[in-house]
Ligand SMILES: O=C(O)CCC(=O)C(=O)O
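Just one chain follows, in the form predicted alone, and it is written as structure tokens.
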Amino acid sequence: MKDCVALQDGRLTERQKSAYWNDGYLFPIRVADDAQTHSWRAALEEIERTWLDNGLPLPLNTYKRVNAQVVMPLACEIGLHGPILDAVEGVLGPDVMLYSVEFLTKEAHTKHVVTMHQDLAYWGMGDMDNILTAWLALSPATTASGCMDFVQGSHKNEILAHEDSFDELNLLSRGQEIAVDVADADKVPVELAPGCMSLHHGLTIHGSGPNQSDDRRIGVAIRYVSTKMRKAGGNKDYAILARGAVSDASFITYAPPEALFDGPSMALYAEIRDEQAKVMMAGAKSQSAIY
């Protein structure tokens, strides 16, 4: 496992910024100590125990996997965590919005995978460089547990053709996969200790294998957009202002939820889900909902 990237006063150096733009990713970056990471994992697993069969309109996994920040204060706590935002600013600048938070879990000794894909293939964003993903490990992310693999420099491509499989073992909403083979030699394993994260560009080709370890592989995928971001085609979208200021109304901004699965946030969740599905599931030949 690589040593953590050493930041200067919590900020990316010019060399680290250059590495991100050259490679399409940067890792591993330490953003939380062991106590904080353990606290976040314990809080997530308590929600899983308490709310699994608690009468939610949709399965609990849907709320964990899609826009958790709308209905789960824990997701906002992580997404708005200062050290994460400090690093993100080094790429996106000082005016940053929290776009989405996803809890991505592979149970021990399971076959679930994420096929090689580009994030921006289905998001309908108008500017490829004003969005990134921070991926935070809450448990060890290793080759054995199914860590991500990146393809170095692949963000310099345009959006490539993708094919949908809707495979039940694929953790992506459409089972999407780039329509070209990626050689194992071209994959860079993104091993992360708990409390460490990676940053990657929305065009970087990435995926992950099954969890063959004895522990759950728990990750948090956090998407950030610059306030400069524009949606393609004039579609409506939503975000939480994380830092700085919003210059116009390209995104509808909203406040973090006050309580777990409370009424107002659940109504907003349904609204956002419906709007985003129009873009993310456009052209899908199978299901028409997100997860």
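Quick caveat: nothing in here was measured; it's all calculated off a predicted structure. The first residue of the sequence shown is number 1, and the count goes up from there.
Here the subject shifts to the form predicted together with the ligand, a form of this protein not shown in this document.
Among residues of the shown chain, residue 119 is one whose heavy atoms approach the ligand to within 4.5 Å in the predicted complex. The ligand in the predicted complex comes within 4.5 Å of no heavy atom belonging to residue 64. In the predicted complex, the ligand sits within 4.5 Å of a heavy atom belonging to residue 133.
In the predicted complex, the ligand sits within 4.5 Å of a heavy atom of residue 221. Only one of 114, 190, 96, 76 comes within 4.5 Å of the ligand in the predicted complex through a heavy atom, and that residue is 114.
Proximity to the ligand in the predicted complex, defined as a heavy atom within 4.5 Å, singles out one entry of 104, 196, 125, 88, which is 104. For the ligand in the predicted complex, the listed stretch (68-76, 181-189, 213-221, 88-96) containing residues with heavy atoms inside 4.5 Å is 213-221. Scanning 43-62 for heavy atoms within 4.5 Å of the ligand in the predicted complex gives no residues at all.
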